[in-house]
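Starting off, we have a lone chain in the form predicted alone, written out as structure tokens.
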């Protein structure tokens, strides 16, 4: 039976990366590990690790991206929580059998080979949840 290993990251949508970093990095003292452009998602992501997890700041780089649409509709703030799982296909199957609404019925592959899928907020009391398998 698949299980959740840990919280992998919390993603925060921002409209101004420099302003966001002035809080997360400069005021809180979190280390900026990497600032990466993610062309497939039309976004720029800042990775701020914290004891086996991380905060990811996500800014759209194109007005037609999903992140830009989210930002326009809801404004800056928490976007999703990511749960690391040991068996993403098994977890998707388990959730489907329990009637959970998924955004991705099959896992997608990131550029680095990690697998991910999203659970619709309708099934999670309003929180977008990402499943992640390293």
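From a predicted model like this one, the values you see are computed outputs, not experimental measurements. Numbering follows the first chain given and starts at 1.
Only in words, not in the display: the form predicted in complex with a further copy of the same chain, which the text now covers.
Of the candidates 88, 45, 68, 83, 83 is the one whose heavy atoms come within 4.5 Å of a further copy of the same chain in the predicted complex; the others do not.
Contact with a further copy of the same chain in the predicted complex, judged as any non-hydrogen atom within 4.5 angstroms, is confined among 105 to 113, 37 to 45, 74 to 82, 59 to 67 to 74 to 82.
Mapping the unseen interface onto this chain, residue 100 counts among the residues with a heavy atom inside 4.5 Å of a further copy of the same chain in the predicted complex. Proximity of residue 7 to a further copy of the same chain in the predicted complex: non-hydrogen atoms within 4.5 Å are present. For residue 134, no non-hydrogen atom is located within 4.5 Å of a further copy of the same chain in the predicted complex, even though that partner is not displayed. The shortest heavy atom separation between residue 117 and a further copy of the same chain in the predicted complex exceeds 4.5 Å. Taking a 4.5 Å heavy atom cutoff to a further copy of the same chain in the predicted complex, the contacting residues in 103 to 134 are 119, 122, 123, 124, 125, 126, 127, 129, 131.
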